[in-house]
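Starting off, we have a lone chain in the form predicted on its own, written out as structure tokens.
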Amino acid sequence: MSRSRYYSVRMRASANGKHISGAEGLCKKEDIKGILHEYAARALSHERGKPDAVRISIDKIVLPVKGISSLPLCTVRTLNTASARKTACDILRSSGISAKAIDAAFSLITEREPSAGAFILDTGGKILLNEPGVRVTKIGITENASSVLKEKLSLIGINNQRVKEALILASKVKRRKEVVAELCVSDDPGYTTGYVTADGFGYVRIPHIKRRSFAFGGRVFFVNVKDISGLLEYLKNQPVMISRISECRGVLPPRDLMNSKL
């Protein structure tokens, strides 16, 4: 892909130094104006409250953009927070994540003020990167892939910007072999669907992973490497564009999900 056609646009909104919302995307020069309007509107109307500071940055991409496939997607049928957390734990444990690491991850993202960045843990539970964490940047999707994704998500009733953006980010993260799995719980009070990514499962949406009105959340990357410098460089600086869309399945019972690894 051309390195000069794209710009990275990032937004972060905060109030009293606390994270309110953020957005990130790669776009062409002619699309910047529309993206700025969209991000500003999002920052000023977020359910977490009114920000007192909104920072938007625009950087021209100078590195080659790497095209990748999106992760396969599905939703698991969970009816309450207990079954949602059990399903998340089952996926993570089957991927080699220790119980200690899983407990630590849930504590980090449900017992602290939300952070703009992701925590990084090894599979045994050691924290390799604490707050403010790493913010994944320079991510986007081609026009053709976006059209295909829209069609596939529409068929299963989840065609919205939140799902699309989360899938794009998670697909970049999981592309690195050091990343064994990811756990994400939204910090938006009204959004109760989180996700887990792992080999053999792809991107698994997990409804009811938290109670409604619960304003805490975040993401954790589980890795199998001690030196994370290369991973951090990739997450922060390697431009990645989703150019191919993988399978998007509908809702699966937990048992079917666990018995039908990809």
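Quick caveat, the model's predicted, so the values are computed rather than measured. Numbering starts at 1 and runs along the sequence shown.
There is another form of the same protein, the form predicted in complex with pimeloyl-AMP; it is not shown, and what comes next is about it.
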Complete contact of Ile97, Gly125 and Glu178 with pimeloyl-AMP in the predicted complex (any heavy atom, 4.5 Å) = no
Which of 144-152, 161-169, 99-107, 84-92 lines the interface with pimeloyl-AMP in the predicted complex (heavy atom within 4.5 Å) = 161-169
Is there a heavy atom of Leu71 lying 4.5 Å or less from a heavy atom of pimeloyl-AMP in the predicted complex?
-> no
Is there a heavy atom of Ile156 lying 4.5 Å or less from a heavy atom of pimeloyl-AMP in the predicted complex?
-> no
Report yes if any heavy atom of Ser186 sits within 4.5 Å of a heavy atom of pimeloyl-AMP in the predicted complex; otherwise report no.
-> yes
Should Arg77 be classed as touching pimeloyl-AMP in the predicted complex when contacts are defined as heavy atoms within 4.5 Å?
-> no
Can you name the residues of 192-207 that have a non-hydrogen atom within 4.5 angstroms of pimeloyl-AMP in the predicted complex?
-> Thr193, Gly194, Tyr195, Tyr203, Arg205
